[in-house]
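Only one chain is included here, represented as structure tokens and corresponding to the form predicted on its own.
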């Protein structure tokens, strides 16, 4: 049974998955830094200014639980591998077409040397006007699956070691005051034969944690994932549905008392949905999941969209939510208590 936290939120809380388009001027400053034309202090000031800008953009759009847009992160696995002792980078590898990924390799025992995203969280908390903000962390299975293993005896051993490190980071975030951490595991269902031990390993990140933990799995086999809803020790599953035209809603009947972070806008399409489309999608999920257990978000991170389209998608998402909120208000339903 999920436990209530002493935090009140509007019914159908709106949030983002994590990433958001970097402002063009920030990309320019990063290029200047790599060319040796600005110093580290100037670059960090640029990152701070970008976070301030995108948080304001989210909040002005009506997002209840913002993130920092992952402004400081080039890539979700590389960012964490750079900050855990035991990884090495040999160079980029081709992932598809002309897209390359700086794939890390585990070459030594992994060591958690110091907090990884605490400073990110503290700055986000300082600049946000919302009572709750979201911190995102790449999960241990995805980091392992997207890395070369040149040290541990098996992938399973590597995932467990990474899970212990991520667990320490989440506990540090809890000490710092974080209320909501999302673990991103897009690779989790990639190898169905590994699911049994993978779920046990991913659960290691939740040990001793007393704040809200969500898990985000996108563009995956939800039939496989849904078999483990009750075994994964997370209070919320943030899943994409707009991209698959809401075909797999039936799997949510297996959620039990857990929450759904319901993806209602497609981040792989530049078409901007209408508020009524969003509202209609929410009506569909409300037939399966109690409204008190539904959060609303985009399918995935908005990073790859043009910024003006990302902003417009957030705005129509909130407007669609407000259509349903008004219907619920007439029934006397306006607030929820956040649970962990």
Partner chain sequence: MKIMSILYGSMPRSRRLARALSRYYSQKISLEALDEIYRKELKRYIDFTLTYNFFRISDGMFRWDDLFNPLAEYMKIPVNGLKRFYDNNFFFRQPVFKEKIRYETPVISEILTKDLKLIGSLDRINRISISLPGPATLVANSLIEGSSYTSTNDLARDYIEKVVLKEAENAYKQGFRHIDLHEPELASENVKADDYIDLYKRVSEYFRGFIWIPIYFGYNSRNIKILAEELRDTNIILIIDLATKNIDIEKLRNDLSKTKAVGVGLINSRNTKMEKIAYIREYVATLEKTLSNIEDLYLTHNTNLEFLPEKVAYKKIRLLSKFT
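Predicted model, so just to flag it, every value in this text is computed and none were measured. Numbering follows the first chain given and starts at 1.
This protein has a second form, the form predicted in complex with the partner chain, left out of what is shown; the following refers to that one.
Only one listed stretch (127 to 135, 184 to 192, 257 to 265, 156 to 164) carries heavy atoms within 4.5 Å of the partner chain in the model of the complex, and that stretch is 184 to 192. Proximity to the partner chain in the model of the complex, defined as a heavy atom within 4.5 Å, singles out one entry of 231, 94, 85, 253, which is 94.
When you look in the model of the complex, the only residue of 146, 237, 180, 241 with a non-hydrogen atom within 4.5 Å of the partner chain is 146. When the partner chain is considered in the model of the complex, residue 118 lies well away from it, no heavy atom lying within 4.5 Å. Using a 4.5 Å cutoff between non-hydrogen atoms, residue 207 does not count as a contact of the partner chain in the model of the complex. The partner chain is not drawn, but in the model of the complex it has a heavy atom within 4.5 Å of residue 105. Not displayed here, the partner chain is approached by residue 220 to within 4.5 Å at the level of heavy atoms in the model of the complex. Applying a 4.5 Å heavy atom cutoff to the partner chain in the model of the complex picks out no residue from 19 to 38.
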